[in-house]
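First comes one chain, alone, set out as structure tokens in the form predicted on its own.
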Amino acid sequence: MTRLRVAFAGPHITFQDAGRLGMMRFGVPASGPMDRKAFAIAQSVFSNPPEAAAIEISLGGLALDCIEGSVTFAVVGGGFIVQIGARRLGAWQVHTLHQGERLVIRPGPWGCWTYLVFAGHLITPQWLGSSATHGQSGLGGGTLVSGQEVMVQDARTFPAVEGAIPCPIWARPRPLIHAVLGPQDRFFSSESLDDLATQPFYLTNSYDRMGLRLRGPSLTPVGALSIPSEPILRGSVQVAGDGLATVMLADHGTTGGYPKIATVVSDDLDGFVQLRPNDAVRFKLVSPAQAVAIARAGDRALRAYLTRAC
């Protein structure tokens, strides 16, 4: 057993697994990682199962003190800075943490989210059979706080695998994202639809694991704010009465009554969440058939990467 103590944890630092799947019909968000591809790559380093828990780290950063044992770990996602004692390293690497050492993970030159995965079983609370944390309620594995102890059962060390993990180009921030119009695009003027397709939008500081608000041309809906609530997907571009768009993310609610002007193709969301506040993003509208082709191509690329890496 390896014991770690949280010396510092910024906001939105949570335990996550692949997600609480199959529960949305009961009103339970899926949660899970913001960057699903980075999470999958991190777990593959040690051949961990998809349901294994990891620590999702935001721009707030995390510091852990190893108070007992040793364990090999991987940090995957974003361009974060990783430090062990005085050694300054980076994300997309595998290293070993020993008793008495401090691991610090903080923002680097790019990206918003990274994943800390251990060679061993990360012990976390569960809710409805999953460690995925719903950020607003804290249900699931939970939010990390200073002074908390983190346990890794059956911790292992693998000096032979230490070193760099290749960072594929599609894991970088994605300033152009594909989206399909609808399902309520009929409530928006032709000018708004044209602005969505041609104008830049900017990420704001109004974001959490539930969604991210964009700043840009007003997309004010016409007579649509009283539509019945209906299911929402990750990637829904929801527009409130103020005309500002919000892209729904991992902890999105299961239903909502605001009109959705478009839906971002799932394959683009992992790169989208790695953009930072004030970064520009543009929407490229595609047909449903094109969206399916993009998603399948992204899945093939991830599977090919994992096959080579393993």
Partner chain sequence: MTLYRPIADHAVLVEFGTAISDTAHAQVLALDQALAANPCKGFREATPAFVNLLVDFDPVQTDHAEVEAHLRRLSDQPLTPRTPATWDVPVCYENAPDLAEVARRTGLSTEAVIAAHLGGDYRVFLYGFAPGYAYMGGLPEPLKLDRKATPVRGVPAGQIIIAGAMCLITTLVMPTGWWIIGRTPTRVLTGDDARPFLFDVGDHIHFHRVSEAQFAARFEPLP
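None of the values given here were measured: they were computed from a predicted structure. Numbering follows the first chain given and starts at 1.
There is another form of this protein, the form predicted together with its partner chain, and it is not shown here; the text below is about that form.
Options 108 to 116, 73 to 81, 230 to 238, 89 to 97; stretch whose heavy atom lies within 4.5 Å of its partner chain in the model of the complex: Stretch with heavy atoms near the partner: 230 to 238.
Full three-residue contact with its partner chain in the model of the complex, heavy atom 4.5 Å, for F8, T143 and M248: No: none of F8, T143 and M248 comes within 4.5 Å of its partner chain in the model of the complex.
G216 within 4.5 Å of its partner chain in the model of the complex, heavy atoms: No, G216 stays farther than 4.5 Å from its partner chain in the model of the complex.
Residue contact check: G27 to its partner chain in the model of the complex, 4.5 Å heavy atom: Because a heavy atom of G27 falls inside 4.5 Å of its partner chain in the model of the complex, the answer is yes.
Partner contact for S44 in the model of the complex: its partner chain, 4.5 angstroms, heavy atom: It does not: once its partner chain is placed as it appears in the model of the complex, S44 has no heavy atom within 4.5 Å of it.
Contact of N278 with its partner chain in the model of the complex (heavy atom, 4.5 Å): No, N278 stays farther than 4.5 Å from its partner chain in the model of the complex.
Contact assignment for its partner chain in the model of the complex, among L62, V264, A53, C66, heavy atom within 4.5 Å: None of the others qualify; the residue that does is V264.
Residues of 261 to 298 having any heavy atom within 4.5 Å of its partner chain in the model of the complex, listed in sequence order: T263, V264, V265, S266, P288, A291, V292, A295, R296 sit within 4.5 Å of the partner.
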